[in-house]
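First, one chain by itself: the form predicted on its own, in structure tokens.
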Amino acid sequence: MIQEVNSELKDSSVVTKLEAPVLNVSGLDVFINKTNILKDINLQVPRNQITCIIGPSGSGKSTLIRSINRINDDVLGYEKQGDIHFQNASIFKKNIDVASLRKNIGMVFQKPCVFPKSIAENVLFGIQHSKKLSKIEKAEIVEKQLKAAALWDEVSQRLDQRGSSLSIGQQQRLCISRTLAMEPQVILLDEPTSSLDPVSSRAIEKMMLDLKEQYTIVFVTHNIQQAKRIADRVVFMCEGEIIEQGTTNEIFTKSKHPKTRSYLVDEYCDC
């Protein structure tokens, strides 16, 4: 199998295909109750990298990532123009299976959403509704995904206890393990560490750095230093627009736009 993959990589057309962005947002405008929230968003998200979206409150960061797996469809007054391609296919095409899309593009929210069930049942909540699993398979998934979320060592002896018995930081990692159990290709995280203490935040940062070996990650944060620590690419947004984007080094040491430089220094943008 490895030899077959290596031989394919010698073909330049295959390499080009493999290097294509996982997500491609083109000319996206979002309106909620006729108010223009996102304005002409153009963004490519590379595979197996962490793309951090930064910017002041109200800049459209959350609206953008909630558009990527169509959570905004349920918002009253939501309208959109433009397109988003996932794996070279529009997520807005007719007859698309939105449940399947959300399985492939998982979402973790700002506040942990733990169900009133055991730790193990929380991990399995989504996956057991999409396919039938044996008892052994369930146990394997729970262990694998709790280990991936760096939580196994802390909870392995109390899997039958309620997820709500965990600390907030542990609950957030539990939510991440539940998302991982669905085997997504992309993980969207909407300020997942904003309510956590520094130790828990660093634990999630380390976990993200480990997970990018297998997943493509889009991470919304208001923490500039956090973006500097973990991002491969940084997108700076203000008032619904992408002001500047590039590699972490480009944005933090060679940013071209004065609004970007002002925000990175003062955490303030006069948009």
Partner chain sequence: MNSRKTINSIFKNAVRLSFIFCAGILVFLFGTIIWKGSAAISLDFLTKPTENFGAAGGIVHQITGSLLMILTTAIISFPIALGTAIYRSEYLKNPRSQNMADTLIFSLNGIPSIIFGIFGLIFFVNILGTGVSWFVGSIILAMMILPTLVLSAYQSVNSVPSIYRESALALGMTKWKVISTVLLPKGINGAITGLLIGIARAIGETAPIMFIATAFSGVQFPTTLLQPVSALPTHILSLAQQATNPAALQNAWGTSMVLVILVVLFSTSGLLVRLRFQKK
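Positions refer to the first chain, counted from 1. Here the structure is a predicted model, which means the values were calculated and not measured.
Keep in mind that the form predicted together with its partner chain is missing from the display, and what follows is about it.
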Taking 4.5 angstroms as the cut-off for heavy atoms, does R173 touch its partner chain in the predicted bound form?
no
Taking its partner chain as it sits in the predicted bound form, is N69 near enough to touch it, meaning that at least one heavy atom pair lies within 4.5 angstroms?
yes
Considering only heavy atoms, tell me if A89 and its partner chain come within 4.5 Å of each other in the predicted bound form.
no
Residue-level contact is defined here as any heavy atom of the residue lying within 4.5 Å of its partner chain in the predicted bound form; does T179 satisfy this criterion?
yes
Let me test this: is every residue among R102, K111 and H129 within 4.5 Å of its partner chain in the predicted bound form, going by heavy atom positions?
yes
Taking its partner chain in the predicted bound form as the reference, which of D153, D74, D197, D160 has a non-hydrogen atom within 4.5 Å?
D74
Counting non-hydrogen atoms within 4.5 angstroms of its partner chain in the predicted bound form, say which of V142, I84, A148, M107 makes the cut.
M107
Which of the residues spanning 249-265 lie within 4.5 Å of its partner chain in the predicted bound form, based on heavy atoms?
none
